[in-house]
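Only one chain is given next, in structure tokens, and it is the form predicted alone.
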């Protein structure tokens, strides 16, 4: 018997993007308020889990053809490179730096090395949680 999941699938297509954009907002807001890479990554994972609830695993893998193990590895490399980058400047491990830049659409903006570290954390959280969920959900 085939179920008719039209309402949840249509709603999920809209809500996924809302959660995704909120995840990005929480990621960037995390440098000045609570949030950051970990919470943003959990929100992104929850958006993908919502897709998995509305559609099946094969459909979501076709919509988002991402190898989450590679995402985890890239995130770890970014986080470790950012954290250990301070060693090359002869300052203590995990020392972060920032400067102000004039960006085309944003104007004068401060860019922190913590943002790059949070990017690595974001990718690791999304990669690990989705790998675990797909491994559990992929069992027949």
Partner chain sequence: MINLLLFPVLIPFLFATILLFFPKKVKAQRIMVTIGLLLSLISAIMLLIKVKTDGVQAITLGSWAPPFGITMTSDMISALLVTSSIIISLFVVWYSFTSIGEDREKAFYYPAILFMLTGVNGAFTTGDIFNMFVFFEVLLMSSYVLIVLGGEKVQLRESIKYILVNIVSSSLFVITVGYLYSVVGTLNMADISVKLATIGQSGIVTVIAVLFLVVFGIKGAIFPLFFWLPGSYAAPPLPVLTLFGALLTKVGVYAIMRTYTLFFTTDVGFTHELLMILSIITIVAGCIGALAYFDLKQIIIYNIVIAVGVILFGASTMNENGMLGSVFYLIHDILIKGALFLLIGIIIKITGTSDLRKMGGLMKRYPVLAWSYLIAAFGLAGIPPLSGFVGKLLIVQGGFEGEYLWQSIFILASSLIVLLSAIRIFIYAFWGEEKGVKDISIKTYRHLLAPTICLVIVTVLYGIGSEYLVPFMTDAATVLLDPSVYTDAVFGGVK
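Positions refer to the first chain, counted from 1. All values reported here derive from a predicted model rather than from experimental measurement.
There is another form of this protein, the form predicted together with its partner chain, and it is not shown here; the text below is about that form.
Interface membership of residue 107, defined by any non-hydrogen atom within 4.5 Å of its partner chain in the predicted bound form, is ruled out. Contact annotation for residue 94: at least one heavy atom lies within 4.5 Å of its partner chain in the predicted bound form. Among residues of the shown chain, residue 59 is not one whose heavy atoms approach its partner chain to within 4.5 Å in the predicted bound form. Its partner chain is not drawn, but in the predicted bound form it has a heavy atom within 4.5 Å of residue 90. Only one of 68-76, 41-49, 98-106, 28-36 places residue heavy atoms within 4.5 angstroms of its partner chain in the predicted bound form, namely 68-76. The contact with its partner chain in the predicted bound form, taken as any heavy atom within 4.5 Å, belongs to 80 out of 80, 64, 111, 53.
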